[in-house]
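Below, in structure tokens: the form predicted alone, a single chain.
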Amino acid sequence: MTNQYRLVQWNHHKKVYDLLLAGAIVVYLVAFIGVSAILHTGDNAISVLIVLIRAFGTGAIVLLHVVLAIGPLARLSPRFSPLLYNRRHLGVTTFLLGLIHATLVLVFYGGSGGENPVSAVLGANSDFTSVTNFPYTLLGFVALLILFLMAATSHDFWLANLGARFWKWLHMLVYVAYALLVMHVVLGVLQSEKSLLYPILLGAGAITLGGLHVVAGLKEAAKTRAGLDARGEWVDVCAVDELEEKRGKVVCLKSQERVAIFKYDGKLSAISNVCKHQGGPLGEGQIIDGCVTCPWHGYQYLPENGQSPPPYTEKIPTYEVRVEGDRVLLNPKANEPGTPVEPVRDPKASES
């Protein structure tokens, strides 16, 4: 939340998440170094520094694939939503792995001679018209700068001060970084790699990521096409029995933002489905301690007025609802963010 800024607002979930992440990275690095030591012996032996360069470089790319896969996976199944909670920790860790990789490259390839190490590495290849002599290190350098920009602005301080829309577009540059890194590998190390394992793994990763995004996009597009016509004053959205206690139901309206309807404590309320933090789907969350809680990062809003509980200040639009028989009707015209709306009584709760 935005009441005050802390470098890392630790809780049990974050600690477990980051410990698992750190453990997975250590296991990967140890396994990579161990397998390399087994495969490259005798005349095929390679420098320890080169092994480390490859270990951290491949680790960064693997983790970037994970980061980019979480979004579409969460759209395809809510089981993956918890992974979104600290996805920014994965992004920052990806940058750190890439930074270590780049530093080791500068030490190994640019550390000898009188030339500046950065100039030596970036200037080693300079023919933009050649596949074998393309300046692939420049592609990796630009990708690292993008990852640094994203890591440096990952804190909620920047999200709040840059604005959610601009911040989101800024962090969409991760796809540019991914494309640059793929080309960095294809035009770099794969040029001299005799084994087909690396190109197969890289290709499989790119195809998998592309497939996940296409499938998730088609699923969301289908929901939009099937959206309810919002031209009338009231829209019949569902039966009362379709609403689960303290859970949300996402209503898709054509040409409008989606709406989240919640049933709680014998009442019904409707708010915008879009969280003010990062656009998380509030309707996929639940009511905890009387507040609608975003499944992505835990931002909370009171269902009857769309306001975050004090001392927080976020506000989202609210909607009017009513019940006719066993049907729930929604007024598709959104109220101003933070507008109080009297909750509607659940007739089934009154009967019981």
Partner chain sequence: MTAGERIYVGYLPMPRGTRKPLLLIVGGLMWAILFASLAIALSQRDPGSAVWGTNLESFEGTLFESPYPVLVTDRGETLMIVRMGKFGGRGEGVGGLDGRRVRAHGRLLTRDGRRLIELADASELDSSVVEDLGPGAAPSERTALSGEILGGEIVDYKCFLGAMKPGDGKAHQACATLCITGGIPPVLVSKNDDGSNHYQLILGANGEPIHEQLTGFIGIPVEVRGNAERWGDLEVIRLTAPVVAVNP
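Residue numbers count along the first chain shown, from 1. Basically, rigid core = biggest C-alpha set you can superpose within 1.5 Å across the two forms. All figures in this text were calculated on a predicted structure; none of them were measured in a lab.
This protein has a second form, the form predicted in complex with the partner chain, left out of what is shown; the following refers to that one.
Although the partner is absent from this view, L173 stays clear of the partner chain in the predicted bound form, with no non-hydrogen atom inside 4.5 angstroms. None of the heavy atoms of L329 is located within 4.5 Å of the partner chain in the predicted bound form.
Shown alone here, D265 lies farther than 4.5 Å from the partner chain in the predicted bound form, counting heavy atoms only. Heavy atoms of G290 never reach within 4.5 Å of the partner chain in the predicted bound form, leaving it off the interface. The candidate spot formed by F95, T103 and V215 lies out of contact with the partner chain in the predicted bound form, as no residue has a heavy atom within 4.5 Å of it.
Comment: 121-129 is the region of 121-129, 144-152, 232-240, 268-276 lying near the partner chain in the predicted bound form, near meaning a non-hydrogen atom within 4.5 Å. For the residues G280, G110, G91, G205, the 4.5 Å heavy atom test against the partner chain in the predicted bound form is passed only by G110.
Residues of 133-157 that come within 4.5 Å of the partner chain in the predicted bound form, judged by any heavy atom, are N133, F134, Y136 in sequence order. Once both forms are overlaid on the rigid core, the distance between the two CA positions of T41 between the shown form and the other one is 2 angstroms or more.
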